[in-house]
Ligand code: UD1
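Presented as structure tokens, the chain that follows is alone, the form predicted alone.
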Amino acid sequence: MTKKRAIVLAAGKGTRMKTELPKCAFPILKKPMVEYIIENLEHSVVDETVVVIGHQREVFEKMLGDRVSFAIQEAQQGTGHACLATSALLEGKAGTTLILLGDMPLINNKLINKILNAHENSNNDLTVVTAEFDNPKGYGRIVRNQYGRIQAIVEDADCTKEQKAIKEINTGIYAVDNEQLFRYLPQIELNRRKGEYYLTDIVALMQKDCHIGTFAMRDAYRVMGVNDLYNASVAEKHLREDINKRHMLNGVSIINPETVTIGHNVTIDPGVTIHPNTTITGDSAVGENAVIGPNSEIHNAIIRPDVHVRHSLVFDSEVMERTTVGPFAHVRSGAVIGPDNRIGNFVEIKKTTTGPNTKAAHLAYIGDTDVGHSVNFGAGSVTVNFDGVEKHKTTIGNDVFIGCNTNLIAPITIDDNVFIAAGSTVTKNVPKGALAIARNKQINKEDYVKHLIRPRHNHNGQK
């Protein structure tokens, strides 16, 4: 079996993106675009991947870790120079190498496999992936001889008037015999006008002695590069449509799908309903018969079956079966909401676990807390977890009733079967079965207000 490798070119700065991030690390649907390529390579027939990095290389080293090998392009001198930077890792090795640009997030593992299979089945030394664009401006043109064989790739800026009329373009993707690649890479000459070594020049060098073929893309949009923020928005649109279609064909009901964004790594069971203006991203998972939205955002969260999330945010948390979240709730930072809970209007829950049948119907903050089953938080309840320097924990047992406008000053423990009177500020632990009242005694002073009211005058100045 022929060894298959990939080179991903990700060393460029990408000044047209106008961001501090290197271009290939720019997020598309909240995930760096180069990660789409690496994930699809991992699910393809490719055995080994080398990523060429340069500008802000530490970003890629942290992001990809040991999933890939890295080659360093110290000075960005073009695609030919970038490929040559991998020579210490790849030169002299037999097999096929796939060369990809790191700003193509729409390419998928099926397409990668098709390109490699076509290359090997055709016994090519080099296969150039091409596409036809009605407006090919900015792309290198595929120049063929009278017999239709590829002779060269000419960059847009170097094209003659006749060559500019060619609609077949170079996508920047190649499959090549690895030993031939490193035989011809050192022969590429510097382009004086740009001060770069063009990988495209390898076609003219190889066409005399090698077998060169092309692979024509049917869906040209899949090889679009992201060079600016407008391109990023177009790539997101295509990704969104692909992902939503896949989920709908798998039994997920998406209402008004053009307003719904689902990330590449999200898993959704059949029977889920997603309402408009909803975003689900990261490593999120949604269980069967859940209803998400409208106007909700889920990120890196697990939503169990039969959960309803409406007009709310759930980040880095888990919501158990048959629980309702929202409207206008915020669940975050490792919260685990138990089954049959109700997390209602304007409730924020952070770094908290709750047991079954617990309710916080409205206007509450519950942070850094362990909550048992069948607990009721009245409106305005707050676990006061921050003393100005450190966060502290609150522990609440089972069958606890917390009255409206109650403050629980952490660290504090509320035992089972406790009733806390409304308006209390509780600073001490409450034992099992107790009633806690922590408020000043009400005092009514009869006829007090009339002494504070000044006489009123009419418009004529009369009392």
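In case it trips you up, residue 1 is the first one in the sequence shown, and so on. What you see is a predicted model, and the numbers here were worked out from it, not measured in a lab.
There is another form of this protein, the form predicted in complex with the ligand, and it is not shown here; the text below is about that form.
**Q** Please pick out the stretch from 245-253, 274-282, 69-77, 106-114 that is in contact with the ligand in the predicted complex, where contact means heavy atoms within 4.5 Å.
**A** Of the options, only 69-77 has residues within 4.5 Å of the partner.
**Q** If you check in the predicted complex, do G102, Y139 and N227 all have a non-hydrogen atom within 4.5 Å of the ligand?
**A** Yes, because G102, Y139 and N227 each have a heavy atom that approaches the ligand to within 4.5 Å in the predicted complex.
**Q** R16: heavy atom within 4.5 Å of the ligand in the predicted complex?
**A** Because a heavy atom of R16 falls inside 4.5 Å of the ligand in the predicted complex, the answer is yes.
**Q** Residue-level contact is defined here as any heavy atom of the residue lying within 4.5 Å of the ligand in the predicted complex; does E155 satisfy this criterion?
**A** Yes.
**Q** My question is simply whether A82 lines the interface with the ligand in the predicted complex - judged by any non-hydrogen atom within 4.5 Å.
**A** Yes, contact at 4.5 Å.
**Q** Give a yes/no on whether N385 approaches the ligand to within 4.5 Å in the predicted complex, heavy atoms considered.
**A** N385 lies outside the contact set for the ligand.
**Q** Which listed residue (S381, S317, T369, T171) meets the criterion of a heavy atom within 4.5 Å of the ligand in the predicted complex?
**A** Checking each option against the ligand in the predicted complex, the one that comes within 4.5 Å is T171.
**Q** Within 4.5 Å of the ligand in the predicted complex, which residues of 1-17 have a heavy atom? Give them in sequence order, or say none.
**A** Those in contact are L9, A10, A11, G12, R16.
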